[in-house]
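First, one chain by itself in C-alpha cells, the form predicted alone.
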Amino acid sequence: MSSVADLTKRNLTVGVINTKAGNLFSLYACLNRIGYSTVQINNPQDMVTNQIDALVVPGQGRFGQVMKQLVATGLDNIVVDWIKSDKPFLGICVGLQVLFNQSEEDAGVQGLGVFEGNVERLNSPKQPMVGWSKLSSAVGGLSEKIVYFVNSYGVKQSSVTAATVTYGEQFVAAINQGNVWAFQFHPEKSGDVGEEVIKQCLSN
C-alpha cells in the first residue's frame, strides 16, 4: 500500500455497486467523511452516465444473494472489466469473497473468478466472528491495524494476500493486486483506522 502524502485529492467520485444486500448507510457516511462524492451503481448504464474514479462492491449479504444480483443486472461483467483495467477498486467483506471462484455458503454458485480460490466456512470459536482483531501484514498501511470483522466465511489462502488475521485459524483479511484492494473486515466500521485504509487504497 503506497503512502498517500497528498490527501488533498479528495474530490473523487466513488461508484458503489447496489447489491441489494443491506443498509449501506455506514459506507456512504464513511466515504463522505473522507471527502469523496458517491454514486449508487444500479446497472451498467449508471457507469456510462456518471464519471467514476473508483468502484466499490460493499459488504453485507450472502455470497449467493450478491452474485445473483450482480448477474441479473449485468454488473458482474462491469466489475470484472473494471478490475482488469486496473482502475481503483475496493471490495468489502462479501465484496472480497465474490472475487473468488465459489463459496461453501452457497454451493454451486459461481463467483466472479477474478482470483483463484474458494471461500470456506471458518473454524472460529464463535459463529459469526464479530468484533475487533489485529491484522498481520508486511504492508505498512495494514500492519498491526485493529479493525472490525463480521463474518463466518473467508478465504484461507490466496496468492494475492496482503494481510491475514487469526481467529480460531488464520485466514485472509486483505488482498491486493495493482489498484485492486479487498478486505474481509469492514473499514467503514473501523473508525479512523478504516478511513485511513480506504484513503490509501483509493487516493492513488
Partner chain sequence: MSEQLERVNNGLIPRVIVCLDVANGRVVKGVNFKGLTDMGDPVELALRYQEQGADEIVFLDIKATLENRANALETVRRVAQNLSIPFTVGGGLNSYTDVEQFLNAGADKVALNSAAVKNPQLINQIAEGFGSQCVVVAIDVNKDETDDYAVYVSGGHVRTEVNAFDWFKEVEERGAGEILLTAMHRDGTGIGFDNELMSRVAKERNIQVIASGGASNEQHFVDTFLAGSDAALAAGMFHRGEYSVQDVKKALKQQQILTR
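Positions refer to the first chain, counted from 1. It should be emphasised that the depicted structure is a prediction, and the values quoted were computed from it without experimental measurement.
Although not depicted, the form predicted together with the partner chain is the subject of the following passage.
Considering Gln110, Asn118, Asn77, Gln127, which brings a non-hydrogen atom within 4.5 Å of the partner chain in the predicted bound form?
Checked against the cut-off, the match is Gln127.
Do Val39 and the partner chain share at least one heavy atom pair within 4.5 Å in the predicted bound form?
No, Val39 sits far enough from the partner chain in the predicted bound form that none of its heavy atoms falls within 4.5 Å.
Consider Glu195 of the chain shown here, and say whether it contacts the partner chain in the predicted bound form, taking contact as heavy atoms within 4.5 Å.
Output for Glu195 is yes: heavy atoms within 4.5 Å of the partner chain.
Though only this chain appears here, would Asn23 touch the partner chain in the predicted bound form if you measure heavy atom gaps against 4.5 Å?
Yes, Asn23 sits close enough to the partner chain in the predicted bound form that at least one of its heavy atoms falls within 4.5 Å.
Is Lys156 close enough to the partner chain in the predicted bound form to count, meaning some heavy atom within 4.5 Å?
Lys156: no, not in contact with the partner chain in the predicted bound form.
Region of this chain that lies against the partner chain in the predicted bound form, out of 40-48, 66-74, 145-153, 172-180 [heavy atom, 4.5 Å]
Checking each option against the 4.5 Å cut-off leaves 145-153.
Interface residues of 172-192 toward the partner chain, as seen in the predicted bound form [heavy atoms, 4.5 Å]:
Residues within 4.5 Å: Glu188, Lys189, Ser190, Gly191, Asp192.
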